[in-house]
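The chain below stands alone, shown as structure tokens; this is the form predicted on its own.
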């Protein structure tokens, strides 16, 4: 059955809060200046220098705050952050980490969502003997209200370390550091009081994440939030019960600007695009040329960049050289346009994406683990979509079926494609080879001839070839 949108539960912080205002604001700046964590941390202290905000300073604030909270309102040791900083200092000093990956730790019924971590220096740092990480599936486009954030901060202060990460590469709201006996109570509060689910972790589908999409962006070529939500709800088993060779990520960019960097960080990247012409407002083009409208939406104000030069700043920077301006009219050879978005970014009131919109599907991006960083490979240049997105789901399941059969343990999709080759992969998922799949012509093709397509097959020898092509 198609999954329809549901209204996010509206939390009332005053009903759910654990700490009073006095407890939340329980130290002065003067106390902070004289506060010292219980371990010497000269290397960590050095990270507080310079003009940028420091996570060490934030951790010290949190440590002081915990020390001044009533002990009955802390389920973990008040020293948890002190010990965290002490072990971090030792890691910097020795050049190695001191976390053991916990492996099997979680909540009943879920194989993913909780990352087990233990210190290998439990005698020296007992406050972080257990330091499990909990991933919480973020709302679409990361829209929060203050009641939600205050409620989850109270919960984590009470049952965890109080340290949080908004947001990790997966996209989740990440809660850093708790003990095994607190996992079930945390899970109960998240799911029952907050109606919030755990995210993905382990060899499963990680929490899908999307850009702000049509909620606030006029360039979004499809509803990123709806597609992200429906795939999240449709593939709950794949999120919470790991069955894949390794992790798998969906990310949804509404246009080629790529605000969630899906092309660099997701095994299956969805990037909004259009297949008709860029819309041009010629009057607005002239207004930009005459400096009546600030370039780049006003983002470059505050410094004198000189008069806007459309030839230098737009035409000459077009990567496919498909634009021309004769002094009055801007022309675009849309057949050559590769949707880089530069001209639209620079003149947003003059240029807009086309109206025949959909998305491109790319496969195989990842961060450097086994084979180094990889960008995704364009595989489906254009796909029209609408709810319930059956064509997207059909493609997803073909990819998973093949990857689960052929992928090696801890081998990302992109690494499998690199190993077996693009021709084998696209044939397995039923995609026709297209020119866009070729990385570069002649010197490094992704598409090779099959033996039955070559006269004589592979029986010819290199000696026979060299007899006709002497060096």
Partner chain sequence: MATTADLKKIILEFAESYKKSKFYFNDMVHEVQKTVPDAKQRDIKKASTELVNEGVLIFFSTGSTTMYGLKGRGITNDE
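These figures come from a predicted structure and were not determined experimentally. Residue numbers count along the first chain shown, from 1.
The discussion below concerns the form predicted together with its partner chain, not included here.
Across the proposed site, 54, 58 and 126 without exception lack any heavy atom within 4.5 Å of its partner chain in the predicted bound form. Of the candidates 115, 337, 190, 153, 115 is the one whose heavy atoms come within 4.5 Å of its partner chain in the predicted bound form; the others do not. Contact with its partner chain in the predicted bound form, judged by any heavy atom within 4.5 Å, is made by just one of 281, 356, 237, 321: 237. Interface membership of residue 242, defined by any non-hydrogen atom within 4.5 Å of its partner chain in the predicted bound form, is confirmed. Proximity of residue 95 to its partner chain in the predicted bound form: non-hydrogen atoms within 4.5 Å are absent; the residue sits far from the partner.
In the predicted bound form, residue 105 approaches its partner chain with a heavy atom inside 4.5 Å. For residue 168, no non-hydrogen atom is located within 4.5 Å of its partner chain in the predicted bound form, even though that partner is not displayed.
In short, of 38-46, 428-436, 66-74, 407-415 it is 407-415 that has heavy atoms within 4.5 Å of its partner chain in the predicted bound form. In sequence order, 201, 202, 203, 206 are the residues of 185-215 having a heavy atom within 4.5 Å of its partner chain in the predicted bound form; the partner itself is omitted from this view.
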